[in-house]
Structures are given as C-alpha cells and as structure tokens.
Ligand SMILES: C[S@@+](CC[C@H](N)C(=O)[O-])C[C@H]1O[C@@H](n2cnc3c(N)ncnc32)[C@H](O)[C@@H]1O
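A single chain comes next, written as structure tokens; it is the form predicted on its own.
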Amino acid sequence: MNDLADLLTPEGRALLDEVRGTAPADELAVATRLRREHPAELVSAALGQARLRQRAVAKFGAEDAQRMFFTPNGVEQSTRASVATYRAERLKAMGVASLADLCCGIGGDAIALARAGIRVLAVDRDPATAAVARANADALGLAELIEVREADVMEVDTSGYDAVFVDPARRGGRGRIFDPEAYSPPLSWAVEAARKASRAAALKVAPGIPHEAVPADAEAEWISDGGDVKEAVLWFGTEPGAVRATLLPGPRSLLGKGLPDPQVRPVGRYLYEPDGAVIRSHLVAEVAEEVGGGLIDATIAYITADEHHMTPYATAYEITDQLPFSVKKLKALLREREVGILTVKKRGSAVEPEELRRKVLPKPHGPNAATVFLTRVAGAPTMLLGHPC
C-alpha cells in the first residue's frame, strides 16, 4: 500500500478530515470505529498523518500544517516557516526570480520561496520525499510555481536559475553530523554549486559550524527565532566575509564590525545575556559596545554594565547580589528575599539547574521571583542574583 497515494484519494482525504485533532488517548477507539467502514491500513495511515500534522503545527502553523503532508523525518528536519520566509524575502530583495532548491525535503523552503513569488525547481533524490513535496505544493495551491523533480542534486543543471539554495542532510545513522564534509552532499560541493549561481546562493548549515570552515567569499549569518538558534546560512552574492546575527521575529540584524574581544571588568549593576545567534556569530563584542559594557570573564559570554541600555540582541537583568558559589548561602538569601519562584541560568558551570533549584527551594514559598546565574567571574565560581529589567 502506498500511504500517500491512498491518502490523496477522496476516501483518504475524507478520513484525514475525520481524524483531525484526534487525541492520543482516543486513537484506539477512533481506529476501531473507522475500520468498520474503511481498510485498516488506510485508517492507520490517516491517524499517523494526523499525528505528524499536530507535531508540524509548531513549525508551519495550524492552517498550513492541517493541509500539508509529512514524513517523520520531514517534520523533524524541515525549516521553521518563519525562518524560511525570512530567507525567501531576502532572496527576493536580491532580485531572485527563479531558484533551484537542492535537497528540498518535504518542500517547506520551496513553499516559502514560491509565496515570495519565486519560481522554484525543488529536487530530492528520495522518491517518497519528492512525492510529499509535490503533494504539498498542490495542497497549498503553489504547483504552478514549484516543479518537483526526483533526482540526485549533484547531477542537476542549475544554469537556468538565478539562484541556488542547498540544504544538505546533516543527520546519519548515528545522529547529527558535525563535519561539514560529511554532509550529504558535502559542503565543498555545495559551495562550488553556490559559486556558479548567476545572482545569489544560500547554503543552510548547522549553527555549530566552525568559523574557520566558512569560505572567505561567503557571508555567514546565524538566525534565531524566539531566542532559539535555528540555523546558519552561508550567502553568496552579498558581502564576502560579512558576519551577521539575525533575530526573529523582526527581523533584527546585527552586522559584525570586526571588533576585538571586550575587556573583562567587575560586575556592574546590569548583566546582559546575548541572544544565541549573537554568541554563535561571535558578535558579543558588538553588543558590549552597544551597551557600554565588558565581560564578567574572558571565557563567558555574559556582558556587564553600570547602566541599562535597551538592545534587541541581549536580555538585561538588574543584579542585586554577587556571592561565591554556595548552596547554603543562596538558600539563606532566597529565604531572606522571600523568593518562591527561581529561574536558574548557567554558563561556565557544571551544576545542573534543576538539582540546584530542588536544594535551595525544596518547598517553594514566598511572593517574589528571582533569577540566579551560575557562572564564573574573573575565573571564580560565582552566583549572581537578580531579575529581568
């Protein structure tokens, strides 16, 4: 049985509508009822697709997720719609009218590109994945702008397109792949394909890519969404050597200035926690300059300053207490401050936040909330207590 083909029939579509929103606890009863009138395999396929659609809501939104088709890997590996939309709009602003999307997966990026008005050739070598991408283009009314082709991306002629987008597979049989040359296809091949593009190119890579692996003629951009780092992108056809941190929603982009590392200084009244995209892009110095601050430790990405400055690139906290690491002292201080809600953050500490919270607040009480930072200050294990500005 071909699950996708059967789900695309009138009977399959009707079943998908009927099982929409089925709670896990109700699946057995729903399956038992539906199997009286429909093939058991089709009912199982519809319920499985309903589960995937529920998981996909976080990435694609409820409206699109309930119309699209997914595979387990497709839900896991596809780009979040907000990130794909940002990237597509940037390509559109660069004058891109047509693009070859290599390693398209279930078509999430192709959908965003088509909605930006870009004609897309979406390529994937896996027949089942390509079929899902084709079904999604049709389901969202974008089939006229998206051509899906089942092929090896390394053999596709992209010369007739303005731009190339490559999203290499970064997972193998043992999990995540950290060596860019072990991507499928390898990063070196993707870079050469990008350099051949007539107008622009974008390569999606893991946010942990070493900076030394970034080609000199590429712009490197790290993107976070809602504070979570989602990906890094190597851009060709923009500003060679540029480094950028982009925060969504927004977008807000911080462009690197090539500043030296900030000076280490004593802890001031305020502590700034840079966004993950800022840290990954090594642009902490740019944020420190913006807020007039320095580092609390040469190896820790916490910025401290004496004054509060608004910045979208870091979360500011007002620090009320600084003390050497001591569970006993922290517990006494929290009791004195009547803290009942404690947020534990750490950087440069091996202590597990949940374990510490249980020790210092075994029975949470008190009307106040606080944040404690487990970190190092000038090399010494330290606790900083404060609250968000």
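Not measured: the values here are computed from a predicted model. Numbering starts at 1 and runs along the sequence shown.
Just so you know, the form predicted together with this ligand exists too; it's not on screen, but the next bit is about it.
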- Query: Residues in which of 270 to 278, 313 to 321, 91 to 99, 75 to 83 have heavy atoms within 4.5 Å of this ligand in the predicted complex?
  - Reply: 75 to 83
- Task: Examine Asp126 and determine whether its closest non-hydrogen atom to this ligand in the predicted complex is within 4.5 angstroms.
- Result: yes
- Could you confirm whether Ser184 comes within 4.5 Å of this ligand in the predicted complex, counting heavy atoms only? yes
- Exercise: Val132 in contact with this ligand in the predicted complex, heavy atom 4.5 Å: no
- May I ask you to check whether Ala151 falls inside a 4.5 Å heavy atom distance of this ligand in the predicted complex? yes
- Item | Contact residue in the predicted complex, chosen from Pro207, Pro168, Gly294, Pro180 - any heavy atom within 4.5 Å of this ligand | Pro168
- Hey, which residues along 88 to 106 are within 4.5 angstroms of this ligand in the predicted complex, non-hydrogen atoms only? Cys103, Cys104, Gly105, Ile106
